[in-house]
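Consider the single chain below, provided in structure tokens and representing the form predicted on its own.
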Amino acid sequence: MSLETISPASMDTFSLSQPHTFNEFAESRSWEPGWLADYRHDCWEKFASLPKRILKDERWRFSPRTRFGFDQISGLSLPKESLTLAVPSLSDGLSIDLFDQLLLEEPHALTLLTKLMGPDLGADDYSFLTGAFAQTGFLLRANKGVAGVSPIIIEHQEPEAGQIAFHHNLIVLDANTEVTIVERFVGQANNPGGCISNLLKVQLGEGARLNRIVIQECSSKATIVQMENFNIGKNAYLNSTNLHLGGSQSRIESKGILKEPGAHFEYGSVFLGNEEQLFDQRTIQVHEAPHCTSNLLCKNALRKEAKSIFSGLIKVDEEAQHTDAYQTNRNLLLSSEAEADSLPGLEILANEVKCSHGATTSRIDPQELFYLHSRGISKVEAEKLIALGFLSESLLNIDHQETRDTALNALADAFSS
């Protein structure tokens, strides 16, 4: 049975929540190894057993959850249309492959996908559906000693209107490796309005370093659900920088688990909202071991009727003494209709820690505008300069200069549009 037989244009015959949809999909993938078939079935069963969405779910507080429903989805995106790789010359010990290619050539390499969990921060339906239906994604592996390679470019293509693309991804870095990746989410030019459900699982070995940059420029009609679970080992370092410019609604869930002493988690994000864009961000920094550090800086600038939600938690286990953790959310409102909600929190069980969190929401200082206007700069241009200066701080952690310049230029271009 081909995929097209379960992806008709009519919503009357296709529904992600109906058992026949999964059964027909599973039948079309009967050639896959048994462990993967079992995993898909388990994910489907977990999805099917979820309670109906309720309004008073703390994990969705302040968020119009209905905007992330499945009513407008009429089909699954084909793998070849939704994910591409731009890979430099790879050194020995470093590989990156597509999910669907590995299923044919090296299926056992994907078994770790089934053992690592998603972030579990609210979008459980998307997480389980991704496990059940994913046909593509990437697997990045680095063996001990790999370092200093050029950035690997991964492009997630927004599917056509009414379609959803499920991407299931895995990054595994062995001890003392270093890799830089750039994930780009690009829009659909001809028929915009699709949905991307992107689930990423990361495992860093001792002393490994991952530099990850996300640039999201989907169409203004797209839905993006991005779920990330980072497992950070002894003395490992993870730096994730995220720029979100497109999409009608985006749900971002990020979980950093500092599992062994000396682990560090650096996370920065920027959202430039316009029109009625919704940016819903949920994060958690979990300190399980002593002598670990984490730092999270999320900045949003909101125009017109854009809305942002930030809910973040620093969790420190009893054994995680000498933790050093920070979490900051800053919001700049550029119109009277824009709205920002912040829910930072701490859950600390250890006593030898240094933890803090903070959130601010403000408008542009009139004195700053007056200063720039007195020097011949128009109000519109002055607001742009102030907002770009405010947002760019979160992008300065990008070590690769060319990529940093690309992100800064994309931000400036988006503000001018």
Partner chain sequence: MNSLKIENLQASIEDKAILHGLSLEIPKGEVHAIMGPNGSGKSTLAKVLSGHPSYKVDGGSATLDEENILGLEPDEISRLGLFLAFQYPMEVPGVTIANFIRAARNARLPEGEKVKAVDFYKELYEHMDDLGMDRKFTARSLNDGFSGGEKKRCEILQMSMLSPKYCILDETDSGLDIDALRVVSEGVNRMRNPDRGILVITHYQRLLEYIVPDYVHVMSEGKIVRTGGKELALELEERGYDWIKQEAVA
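Residue numbers count along the first chain shown, from 1. Computed from a predicted model, the values in this text were never measured in an experiment.
Omitted here: the form predicted together with its partner chain. The next part is about that form.
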- Counting only non-hydrogen atoms, choose the one of 38-46, 59-67, 369-377, 22-30 that falls within 4.5 Å of its partner chain in the predicted complex. 369-377
- Query: With a 4.5 Å heavy atom cut-off, would you call residue 389 a contact of its partner chain in the predicted complex?
  - Reply: yes
- 4.5 Å heavy atom contact, residue 50 and its partner chain in the predicted complex: no
